[in-house]
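Shown next as structure tokens: one chain only, the form predicted on its own.
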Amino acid sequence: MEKRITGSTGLLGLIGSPVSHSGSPAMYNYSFQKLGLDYAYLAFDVDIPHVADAITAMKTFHMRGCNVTMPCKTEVVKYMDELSPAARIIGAVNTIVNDNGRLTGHITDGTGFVDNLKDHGVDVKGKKLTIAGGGGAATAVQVQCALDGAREISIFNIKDAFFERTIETAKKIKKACPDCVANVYDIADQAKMKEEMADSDIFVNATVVGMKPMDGESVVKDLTAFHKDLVVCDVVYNPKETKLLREAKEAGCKCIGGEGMLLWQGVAAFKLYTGADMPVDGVKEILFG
């Protein structure tokens, strides 16, 4: 690494907290070396009170941009000069591109989900999706699928203090994508979920259910809701095979795990930064072995 850094090397990075576990530096720096691009990528532990300082530093150091992880994804929005269509709808940013001091905020989480499906031979265009969850990852998936031509999205979320936010997301989807039907239901209504899944092409778990310490749980309680024509996806990537995916596979469904979403959101951000295609096969080897 040291041998390739020069006085003209461009800097990119990741901000958020914690970031010490992130695979992004390995993914990006491998790609820069592989393609002969004069950039270096570092992770910076930044919490919400220091976001403004980080944005100022990015401009001062003429960084090409940075990725943003929790808890800073919504905080950075107020410092952007422009937002992508998805970032504007969602109100969150995970990729900042710096064009000579003008900052554009993008959200590539949803793109990562859609491209991961494409990598497995599945296209969301014209499809009906049932999606469990109303948080950040879920919202990104819902919005991007609508933007990419999904015909219908049925959203199931916990009916708590944040339920209204999920309803607002559905309204924003309808406004931005009039051809996409978006409805919101209580996730506790398993009968309704089964009804919506019956004519869905794709089911997505975009909640933390399935991740430790809930690795013994699934958002789908009625296993008869699975049918052989249903593609079942999970945004959870640890464990690699969640209870949801295991039970769906046993029911004959095509299953797609969450690992690829991490990869493909990085691929999309890399393209925004460099205009080049990330060497995906090599990065898969680094991230997943």
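Residues carry their position along the shown sequence, with the first being 1. Keep in mind the model is a prediction, meaning the values are calculated, not measured.
One more form of this protein exists, namely the form predicted together with a small molecule; it is left out here, but the text below deals with it.
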{"property": "Interface stretch in the predicted bound form with the small molecule - options 29-37, 253-261, 45-53, 222-230, non-hydrogen atom within 4.5 Å", "result": "253-261"}
{"property": "The small molecule in the predicted bound form: contacted by all of Pro85, Ile167 and Ala170, heavy atom 4.5 Å", "result": "no"}
{"property": "Residue contact check: Val236 to the small molecule in the predicted bound form, 4.5 Å heavy atom", "result": "yes"}
{"property": "Interface membership of Ala206, the small molecule in the predicted bound form, 4.5 Å heavy atom rule", "result": "yes"}
{"property": "In the predicted bound form, Asp199 touching the small molecule (heavy atom, 4.5 Å)", "result": "no"}
{"property": "Any non-hydrogen atom of Asp160 within 4.5 angstroms of the small molecule in the predicted bound form", "result": "yes"}
{"property": "Listed residue (Ala138, Ala182, Ala92, Val124) with a non-hydrogen atom within 4.5 angstroms of the small molecule in the predicted bound form", "result": "Ala138"}
{"property": "The small molecule: the contacting residue among Met80, Leu147, Met211, Val97 in the predicted bound form [heavy atom, 4.5 Å]", "result": "Met211"}
